[in-house]
Ligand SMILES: Cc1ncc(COP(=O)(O)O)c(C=O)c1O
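Take a look at this single chain in structure tokens; it is the form predicted alone.
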Amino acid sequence: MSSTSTEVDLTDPAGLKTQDYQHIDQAHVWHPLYQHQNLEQSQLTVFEQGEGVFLTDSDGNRYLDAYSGLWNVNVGYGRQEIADAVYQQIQKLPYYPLSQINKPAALLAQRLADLLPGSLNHVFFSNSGSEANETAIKMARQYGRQRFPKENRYKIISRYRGYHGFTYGAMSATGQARRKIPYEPLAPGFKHVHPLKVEEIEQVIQWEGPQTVVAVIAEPIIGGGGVIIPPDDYFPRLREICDKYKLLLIIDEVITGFGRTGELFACHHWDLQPDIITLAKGITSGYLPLGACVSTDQVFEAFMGSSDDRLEFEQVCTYGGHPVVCAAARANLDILTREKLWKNAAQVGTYIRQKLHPLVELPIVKEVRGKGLMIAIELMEADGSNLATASTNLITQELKEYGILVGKIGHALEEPENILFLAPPLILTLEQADRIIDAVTTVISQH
């Protein structure tokens, strides 16, 4: 029994007040990336309802969510179509594992194959982006052993500042020091390179020995590491390097996928064909947890053989392809594609960046950058160094007081956290964009 008593009647949630929920939460919920000692001075908000791009807290305060929860509520809050799909499926078949077939998972896999470029036809479902990337890493290593049995291909190259997840393999691929240091040593065989110097990748392949490297994993636009956008020749050149050395190219579209950058998938910006693509977040718009790792025909064929060959993919996920979650994803994709929300993301995102660009004339703003509704505002001190973390936190708090929720780089690097993120739902209107622009301009101009 907990040593902390809530001293409220938990059998009657309707009678609980905001402070009751905060007390219960403080006693029992362990929040991610948060120093709980700070709860003594500053309580977290109790959110109660979402509609469109807006959230309402338990005291009736309304906020425009300019961060889409965590980069993921692409179609906005309160979509009845998704709720209905969940309700109908949970009544009909609430669960069965993918050791057999369930209809929503089969239909969703087909839908993804139709939307994705090239021969990305084979979907392995999981529960999150981290698990999707963990799956891709394992898939690549098993592929290397089966495709090149006389070689020792297991090393995977990734980029500094990139983020691929919290599981051990995905975290080992991640290039953000603060996310990793407490858990080291991590999984072996991961090599990191500069996020924008593509030729460094070929150099590492040569130095390590091509016969020991199996894949490169990269976000098309590095998200949580700062919204870092590559030059236009980066990914075409990376594809050439992977082909030259017979490496798999794993593209992590957990954040960028499903319209966020102004294209249905960010790889479309560069006509890029991955060998494996990983998906999550926007696949359900956050309504239920789902991840997917999708491979090409070529990769899938390396796992084909007789039962005695033992070439099948050696992984299982209890809730991967959950029928209720897949039903939600299908309803979400119906909305996304019917409304062509990536086009709205391109239009409104360009508008926001253009309106915010004059902020670079202020001493505190280093850069405004982004694609679609994936935007970063990088802040600096008078001497050009990163703005202090406390100062950036103050700006986010002042924006919240204006009714605008934004994101912020966090726990990524061993340096001050000075980048704000704007990633609102893809349904954002120009009028709603003006609310974000006005608040951001007002608050930053006061610093």
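Quick note: we count residues from 1 along the sequence shown, nothing fancier. Note that the structure is a prediction, hence the values are computed from the model and not measured.
This next part talks about the form predicted in complex with the named molecule, which is not shown.
Though the partner is left out of this view, residue 260 does not reach within 4.5 Å of the named molecule in the predicted bound form, counting heavy atoms only.
Remark: residue 121 does not count among the residues lining the named molecule in the predicted bound form, judged by a heavy atom distance of 4.5 Å or less.
When contacts are judged by a 4.5 Å heavy atom cut-off, residue 319 does not count as touching the named molecule in the predicted bound form. When the named molecule is considered in the predicted bound form, residue 281 lines it closely, a heavy atom lying within 4.5 Å. Only one of 102, 344, 172, 130 comes within 4.5 Å of the named molecule in the predicted bound form through a heavy atom, and that residue is 130. This chain is displayed alone, yet in the predicted bound form one of 166, 245, 270, 96 has a heavy atom within 4.5 Å of the named molecule; that residue is 166.
Comment: 250 to 258 is the region of 88 to 96, 301 to 309, 250 to 258, 336 to 344 lying near the named molecule in the predicted bound form, near meaning a non-hydrogen atom within 4.5 Å.
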